[in-house]
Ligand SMILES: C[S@@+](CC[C@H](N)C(=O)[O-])C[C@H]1O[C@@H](n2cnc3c(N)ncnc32)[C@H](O)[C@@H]1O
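Given as structure tokens, the chain that follows is alone and in the form predicted alone.
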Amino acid sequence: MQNNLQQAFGNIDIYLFDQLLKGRFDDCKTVLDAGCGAGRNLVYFLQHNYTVYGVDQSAEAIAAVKQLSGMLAPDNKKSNFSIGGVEDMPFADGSFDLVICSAVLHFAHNAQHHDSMVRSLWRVLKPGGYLFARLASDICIENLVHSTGNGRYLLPDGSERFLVNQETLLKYSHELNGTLCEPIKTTNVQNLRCMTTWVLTKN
């Protein structure tokens, strides 16, 4: 059973897996993973006839995801994967039914960089499409993080990340004219860090 699940879904983000189990993305056809890494969140999509794209700043990651795509979905063009930043992606407006951005936004250098990444993700999303984002937040650990300036914080786990809170995500949801698919959910990892899941549909 475990091997079958691994083959079907890879090392997928558990909260993205949750959305798949709910059938949230069943009607999507085009998928972009912004900050795709080696493609750990793309195994299912590549094996189920989605047209899959990816962007990452790492040349090694893009080489790896191209190899994965070639193995799992030979008809999916390797040119769909490119080196670049989330804030400046080489795609036309409204290109994708689903945009995934998992564990990327908290690497923003400052508030302006974070804002440019969020708006870039939204720009390439089709009306009626879905944005799935997982990112670090200060929700539940507000008194345990220490500002280093420009929206970045030192976390109890020793890392430094750009953090959002619930108010920020709700404000973006409203400004972007998006609708929450479900309430914002946050996982507290033993008060060392918190990761928040934010799933929107574009009106």
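Position 1 is the first residue in the sequence shown; the rest follow in order. Model, not experiment: these values are computed from the prediction.
Absent from the display: the form predicted in complex with the named molecule. The rest refers to it.
Site annotation in the predicted bound form: the residue of S58, S159, Q47, N165 reaching within 4.5 Å of the named molecule with a heavy atom is S58. Listed stretches are 105-113, 91-99, 70-78, 123-131; the contact stretch with the named molecule in the predicted bound form is 105-113, by a heavy atom cutoff of 4.5 Å. The named molecule in the predicted bound form is approached by M117, whose closest heavy atom lies within 4.5 angstroms of it.
Although the partner is absent here, L135 lies well away from the named molecule in the predicted bound form, with no heavy atom inside 4.5 Å. None of the heavy atoms of K66 is located within 4.5 Å of the named molecule in the predicted bound form. Contact check for G37: a heavy atom falls within 4.5 Å of the named molecule in the predicted bound form. In the predicted bound form, the named molecule lies within 4.5 angstroms of at least one heavy atom of each of the following residues of 74-103: G84, G85, V86, E87, S102, A103, in sequence order.
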